[in-house]
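First, one chain by itself in structure tokens, the form predicted alone.
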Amino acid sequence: MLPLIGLLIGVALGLILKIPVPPSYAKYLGVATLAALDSAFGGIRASLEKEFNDKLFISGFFSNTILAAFIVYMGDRLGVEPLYYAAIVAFGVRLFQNIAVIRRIIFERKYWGQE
């Protein structure tokens, strides 16, 4: 439940505060947001599987976000644009996997009567 609350608070703050992002930082923000969403959905998945650990979630949230921004930074500095795409693909695949597992758990509990 903590990841979902954090996600909702973050979305609400983003909509209310409307902080402008310079175009040069747009790539960093996009990848960091994708990494943060991956962590949030991973936390929701762990919660549904009854394996949620708040310390693990917080450390994963920040380390994934910082790592994603660092990968983009290194790609920019080295002139290697594919590093940016590698981060997008890696976190995008994990995000869709987490969503698939969450959907499966919800369907199993709600419609198939399994725990």
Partner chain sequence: MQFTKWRISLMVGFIVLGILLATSFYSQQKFKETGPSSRKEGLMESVEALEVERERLKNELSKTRKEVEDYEKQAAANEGILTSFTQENEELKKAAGLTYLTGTGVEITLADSSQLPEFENPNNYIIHDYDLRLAVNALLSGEARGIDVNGQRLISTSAIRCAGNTVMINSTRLSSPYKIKAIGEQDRLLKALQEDEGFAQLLQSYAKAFGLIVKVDKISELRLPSYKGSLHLEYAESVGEK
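This one's a predicted model, so the numbers in the text were calculated from it and none came from an experiment. Here the rigid core means the biggest group of C-alpha atoms that line up within 1.5 Å when the two forms are laid on top of each other. Positions refer to the first chain, counted from 1.
Here the subject shifts to the form predicted in complex with the partner chain, a form of this protein not shown in this document.
Peer 1: Report yes if any heavy atom of I44 sits within 4.5 Å of a heavy atom of the partner chain in the model of the complex; otherwise report no.
Peer 2: Heavy-atom contact with the partner chain at 4.5 Å: present for I44.
Peer 1: Look up in the model of the complex whether I106 has a non-hydrogen atom within 4.5 angstroms of the partner chain, and give yes or no.
Peer 2: Outside the cut-off, so no.
Peer 1: Decide whether Y84 counts as a contact residue for the partner chain in the model of the complex under a heavy atom distance cut-off of 4.5 Å.
Peer 2: So Y84 does not count as contacting the partner chain.
Peer 1: Could you confirm whether I88 comes within 4.5 Å of the partner chain in the model of the complex, counting heavy atoms only?
Peer 2: I88: no contact with the partner chain in the model of the complex.
Peer 1: Hey, which residues along 32-47 are within 4.5 angstroms of the partner chain in the model of the complex, non-hydrogen atoms only?
Peer 2: Stretch hits, in order: A32, T33, A36, L37, A40, G43, I44, S47.
Peer 1: So, does G92 move by 2 Å or more at the CA between this form and the one not shown, with the core held fixed?
Peer 2: The answer is no; the displacement is under 2 Å.
Peer 1: I want to check I9: does it shift between this form and the one not shown by 2 Å or more at the Cα, with the core superposed?
Peer 2: The answer is yes, as the C-alpha of I9 shifts between this form and the one not shown by 2 Å or more after core alignment.
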